[in-house]
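Coming up are structure 1 and structure 2: the same protein chain in two forms, each one given alone as structure tokens.
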Structure 1
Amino acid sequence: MITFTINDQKVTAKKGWTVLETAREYGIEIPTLCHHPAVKPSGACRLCMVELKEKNWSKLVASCIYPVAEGINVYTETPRVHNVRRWILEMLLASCPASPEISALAQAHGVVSTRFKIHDPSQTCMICGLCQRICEEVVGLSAIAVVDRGVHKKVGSPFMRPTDVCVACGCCLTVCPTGAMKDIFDTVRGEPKMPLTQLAM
């Protein structure tokens, strides 16, 4: 077992755990959007930043991908952490301004507006790639892809053509942190090879 502290509280973790996993084991809240325990962490949203302190130095790390180590001192609620979370939430408000989930999360952290330019007021997708990872790692398919680069990056099917690789399992809808997959889903899924039947309620 590895022993370290979170907010001056002594904690122990198994080798290979991340700071976020350990915090959750102890009921310590760290906000995340792109993290899901069923898939490998990616550190895409950066909302889970925490501060590591040691004597006269400190650094910010993404807790979902930072491995635990003996004797480290982790802080989840410092002014520096709050500042970077507000920056990230402002950027998310600009990149997916139509997402009620992002708006609510931002307001919960005291962020009600953004200083960054909004390119698409109707956008709800934050392009965290969680839908792609759940499709590949849990369902075992590659029906979803993150395509293009930079400001043109978006989620869709490979080559942006509806694909019959999608089995309409809905896992991507379930894990999407902003609800954006509801609008993207029908552009990913091709025409089913057999008619889908409504399940009895």
Structure 2
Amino acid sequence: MITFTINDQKVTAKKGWTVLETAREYGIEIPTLCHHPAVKPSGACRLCMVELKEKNWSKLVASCIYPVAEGINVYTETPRVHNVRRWILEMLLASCPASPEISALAQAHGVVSTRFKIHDPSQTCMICGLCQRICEEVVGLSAIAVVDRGVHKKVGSPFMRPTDVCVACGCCLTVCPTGAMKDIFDTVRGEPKMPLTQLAM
């Protein structure tokens, strides 16, 4: 057993646990978007950042991948943590303006408007890659691909050509945190023999 503190509260965790797992065990809320217990953590959304403190030293780490260690002091609601969350949510509001899930999450953290220009009012996908990871790691297929890099990054089918690899299990639809897979799904599958988007409804 490993003992450490979260928000000055003493907690114990099993070796190999992450900070996020431990926090959830104790009912301590840390917001996440790209985390899903069924797949390996990827650390993409950075919403789950928490602050580690040690005397004068401190740093932020992603709780969904940070392994617990004896004696660390974790804080989930510091000014630095809030600053990160606020900016990520503000930026997500501007890049996924059509996603009710993102709006609700932002609102829950007090972010109701964004200072940034909206380039595509219909966008919902935040390119977190969770759908791709589920399809690959859980379903065992690679019907979804994240292509390109940087600002050009997109989620779609491999080589952006409709794929017939998909077995229509619907996993990607259920895990998508923003509701975007509903919109993308039929393009991933090309011309589906039967439309499956209602699976997520």
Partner chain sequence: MHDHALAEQSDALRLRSLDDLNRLRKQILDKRDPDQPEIVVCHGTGCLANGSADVSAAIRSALDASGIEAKVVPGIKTTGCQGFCSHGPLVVIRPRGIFYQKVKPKDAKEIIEKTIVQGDVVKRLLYKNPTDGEKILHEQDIPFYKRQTRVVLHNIGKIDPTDISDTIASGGYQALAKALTTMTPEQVVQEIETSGLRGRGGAGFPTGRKWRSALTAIEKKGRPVYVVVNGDEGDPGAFMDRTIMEGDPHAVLEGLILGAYALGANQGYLYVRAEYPLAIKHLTIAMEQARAYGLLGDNILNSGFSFDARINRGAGAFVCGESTALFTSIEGNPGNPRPKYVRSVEEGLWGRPTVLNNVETWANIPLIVNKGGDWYAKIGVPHSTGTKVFSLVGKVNNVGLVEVPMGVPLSTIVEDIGGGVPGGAPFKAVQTGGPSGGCIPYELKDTPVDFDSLTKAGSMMGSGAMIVMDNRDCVVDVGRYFLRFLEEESCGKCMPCRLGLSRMREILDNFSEGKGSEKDIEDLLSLSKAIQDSALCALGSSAPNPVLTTLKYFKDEYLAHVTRQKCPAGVCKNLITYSIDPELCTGCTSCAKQCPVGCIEGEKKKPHAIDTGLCIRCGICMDTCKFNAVNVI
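In this text, all values refer to a predicted model and were calculated from it rather than measured experimentally. Basically, rigid core = biggest C-alpha set you can superpose within 1.5 Å across the two forms. Residue numbering: structure 1 sequence, from 1.
Structure 2, rather than structure 1, originates from the form predicted together with the partner chain. Once you line up the core between structure 1 and structure 2, the Cα of Ile72 stays within less than 2 Å of where it was. Relative to the superposed rigid core, the position of the CA of Trp87 differs between structure 1 and structure 2 by less than 2 Å. Taking the rigid core as reference, the CA displacement of His119 between structure 1 and structure 2 comes to 2.5 Å.
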